[in-house]
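Shown here is one chain on its own, the form predicted on its own, set out as structure tokens.
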């Protein structure tokens, strides 16, 4: 893997959220059914994969044997350390590198697939991040995404917009609840977009981050 451009590896620093996430996310994943969605997301993959915003490495143990290598990009220092520990336990080769989604330190056209899971909600510039993901994919490469998105109902969508303008990004590491990620993927030039919409968790009272999508798209 040759570096194309130099990112600012420490540009994202959310120490309180990162500690919370590293400690509690595995249990939350399993209780809410997110772990099963991660497995479904990764199951079709093969070849060389870039994972953008790897967090603490919750996906690493779920990659199928057909994946030859995973290059995981994570900007937050504490989460990057946790991801490196998870990489050491993974069944497939995983290397964890610093970098931000908007300026991936990777060669163009170097990957067969890219993975984003619960990431595009928190990047500073989703359009630029998607342009970078498209750049590092080979022609015909696959983008696999699992994200929470803007809710369909008027009341919840209004709640999401209010939270995004006030407390939510400050409490949850830059996360925004109301992004229209599916539209952004199409606007970035990806084609063959296929997805299914999910409610997470499946039962109970919906939250501002209950509306999820799981799907894939192609770089033309």
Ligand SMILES: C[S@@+](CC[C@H](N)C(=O)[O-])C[C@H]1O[C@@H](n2cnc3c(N)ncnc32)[C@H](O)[C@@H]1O
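Numbering follows the first chain given and starts at 1. Every value quoted in this text rests on a predicted model; they were computed, and no experiment measured them.
Separately, the form predicted together with the ligand exists; it is not shown, and the next lines address it.
Undergrad: Heavy atoms, 4.5 Å, the ligand in the model of the complex: which of 106 to 114, 130 to 138, 71 to 79, 86 to 94 makes the cut? Say which one.
TA: Among the listed stretches, the partner-contacting one is 71 to 79.
Undergrad: Is the ligand in the model of the complex close enough to 58, 102 and 124 that every residue in that trio has a heavy atom within 4.5 angstroms of it?
TA: Contact check passed for all of 58, 102 and 124.
Undergrad: Do residue 119 and the ligand share at least one heavy atom pair within 4.5 Å in the model of the complex?
TA: Residue 119 belongs to the contact set for the ligand.
Undergrad: Would you please decide whether residue 12 lies within 4.5 angstroms of the ligand in the model of the complex, comparing each non-hydrogen atom pair?
TA: So residue 12 counts as contacting the ligand.
Undergrad: Applying a 4.5 Å heavy atom distance criterion, does residue 176 contact the ligand in the model of the complex?
TA: Result no; residue 176 lies far from the ligand in the model of the complex.
Undergrad: Give, in sequence order, every residue of 151 to 165 that has a heavy atom within 4.5 Å of the ligand in the model of the complex, or say none if there are no such residues.
TA: Sequence-ordered list is empty.
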